[in-house]
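Coming up is one lone chain in structure tokens, specifically the form predicted alone.
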């Protein structure tokens, strides 16, 4: 099955990003495809390389980057939401890219399921 993922919440103030990551990890392990993860609203905060969690905490941004690299998952950050929060291309962690809402519409059409995490 081909999944598209929408994340609407930031990495450390809400469970949505952790839940989405674990969902994607389990789906990939079962042989499913994650064609795109779209970060929208506060979810764009999952993409910034400026995040520095304590050493004993999980690094959610790094987890997403690694998944994108290892499994070819397209990590798309909404341009409007990113700019509102001061996130630009030069602030993105490896594997993320900025694009528009058309990427969300496209994955919604092409995927078998679009799974939404966060409000």
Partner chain sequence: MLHIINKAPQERNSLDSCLRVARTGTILLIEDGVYAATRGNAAEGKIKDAMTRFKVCVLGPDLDARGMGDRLIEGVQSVGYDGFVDLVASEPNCQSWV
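Nothing here was measured: the structure is a model prediction, and the numbers come from that model. Numbering follows the first chain given and starts at 1.
The protein also exists as the form predicted in complex with its partner chain; that form is not presented, and the subsequent description refers to it.
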May I ask whether 52, 66 and 91 all come within 4.5 angstroms of its partner chain in the predicted bound form, judged by heavy atoms?
no
Under a 4.5 Å heavy atom criterion, is residue 12 part of the interface with its partner chain in the predicted bound form?
no
Going by a heavy atom distance of 4.5 Å, is residue 32 a contact of its partner chain in the predicted bound form?
yes
Quick check on residue 16: any heavy atom within 4.5 Å of its partner chain in the predicted bound form?
yes
Please determine whether residue 27 contacts its partner chain in the predicted bound form, using a 4.5 Å cut-off between heavy atoms.
yes
Neighbours of its partner chain in the predicted bound form among 54-73 [non-hydrogen atom within 4.5 angstroms]:
none
